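Given next, in structure tokens, is a single chain: the form predicted alone.
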Amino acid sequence: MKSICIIFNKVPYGSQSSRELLDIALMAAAFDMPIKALFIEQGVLQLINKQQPEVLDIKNHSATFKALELYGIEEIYVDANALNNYQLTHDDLMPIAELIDNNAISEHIQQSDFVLML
């Protein structure tokens, strides 16, 4: 079966790209496709705990990331360097992702049959 690597690299709100990638991941998981989710660059901000976009009258989709494992998406990784750039720690994030470095990110991308990023 073909594997998919979905790369979240944009801020959580301000565009629909993160929500669309999340929907794609959940749909592909429904077909039992092996999926990896990578949070890199600004995408690490997707996983920050206790987001409150409703203050800006924006629907909060961040809680849906907690459902990834329920859909069988167990390979969820966050870029340690990007966290450092934003002065965040692993404790600032939802406890769903494993920290990895740039080399591991490259390996996961190369091992995947399809790579999606918006």
Partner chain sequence: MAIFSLLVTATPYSAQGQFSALQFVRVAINNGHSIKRVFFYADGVLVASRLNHPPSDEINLTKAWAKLAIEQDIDLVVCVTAALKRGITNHAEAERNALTGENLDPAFEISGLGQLTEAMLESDRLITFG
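Everything quoted here is computed from the prediction, not taken from an experiment. Numbering follows the first chain given and starts at 1.
What comes next is about the form predicted in complex with the partner chain, which does not appear here.
Contact with the partner chain in the predicted complex, defined as any heavy atom within 4.5 Å, is confined among 42 to 50, 73 to 81, 89 to 97, 28 to 36 to 28 to 36.
Although the partner is absent here, Glu20 sits close enough that one of its heavy atoms falls within 4.5 Å of the partner chain in the predicted complex. Contact check for Ala104: no non-hydrogen atom falls within 4.5 Å of the partner chain in the predicted complex.
In the predicted complex, at least one heavy atom of Ile24 sits within 4.5 Å of the partner chain. In the predicted complex, the partner chain sits beyond 4.5 Å of every heavy atom of Ile7. Annotation for 98 to 118: interface residues with the partner chain in the predicted complex are Phe114, Leu116, Met117, Leu118 [heavy atom within 4.5 Å].
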